Ligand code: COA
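Next up: a single chain in structure tokens, the form predicted alone.
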Amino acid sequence: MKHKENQRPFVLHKTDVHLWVIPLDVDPQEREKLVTLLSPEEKKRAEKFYFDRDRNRYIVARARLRTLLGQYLSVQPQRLIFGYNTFGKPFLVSPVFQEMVQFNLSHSHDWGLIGITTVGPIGVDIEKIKSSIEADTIGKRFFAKGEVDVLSAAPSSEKLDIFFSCWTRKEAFIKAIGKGLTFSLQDFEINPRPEEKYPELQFLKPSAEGENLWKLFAFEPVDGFKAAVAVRSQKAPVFRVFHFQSTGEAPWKH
């Protein structure tokens, strides 16, 4: 597996996994333009948010997803139609588009992460590192034994780093398989050490998901955040990170 940041986006090679880091806080004028890209269903969902901040970030995340997919598929963002599986994982309704790209979206506070690939099922997760989290308590409740052992043995200064590294990796996998928490977080184990950028996954119970086919990549998208991607692939993927920007000639920076 490789990680590169020097390729032009919107062109997916067979083993490419493109990861887009998206700022979700934009000025009101830009947000008004982005609203026009959303479907009626997305607009209704946006109105259900109690806090303006959450509503605004949802609008930006969904509009950016449509914009990026539109670029890859050479189609107007408004024409994309999303469906959802039983557990809420989105997909493109068009069978043709499904064959062309697979995608996933995550957001936390003022940052979002979008993964796009042709390789196979994909899941992404981004999380803000929160100092208020009781890492040991939550880890013992949700993590597998090997992950808990690493977390418990770590000095206090490293616990948050390990906790959020582990959490994002496990969430990315759960989102990739699209089964929600019907697939227990304790039924599989992932190397939680922050320095491990390509953590391996091990199933602790028999599974039909194909243990050896899952490839993961972990990284820090911006200061104070952790992120991870999981993709099902026969071959070693090439992970490429882009940072979306709404100003300048190109809508990205490496």
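Residue numbers run from 1 along the displayed sequence. Only a predicted model underlies this, so the values are computations on that prediction, with no experimental measurement involved.
Omitted here: the form predicted together with ligand COA. The next part is about that form.
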Subject >> Sole residue of 135, 80, 105, 73 within 4.5 Å of ligand COA in the predicted bound form, by heavy atom >> reply: 105
Subject >> Options 30-38, 56-64, 214-222, 196-204; stretch whose heavy atom lies within 4.5 Å of ligand COA in the predicted bound form >> reply: 56-64
Subject >> is_contact(residue 167, ligand COA) in the predicted bound form, heavy atom dist at most 4.5 Å >> reply: yes
Original post:
Though only this chain appears here, would residue 45 touch ligand COA in the predicted bound form if you measure heavy atom gaps against 4.5 Å?
Top reply: yes
Subject >> Contact flag, residue 181 vs ligand COA in the predicted bound form, heavy atom cut 4.5 Å >> reply: yes
**OP:** Using a 4.5 Å heavy atom cut-off, state whether residue 88 contacts ligand COA in the predicted bound form.
**Re:** yes
Original post:
If we check ligand COA in the predicted bound form, which of the residues in 183-197 reach within 4.5 angstroms of it by a non-hydrogen atom?
Top reply: 185
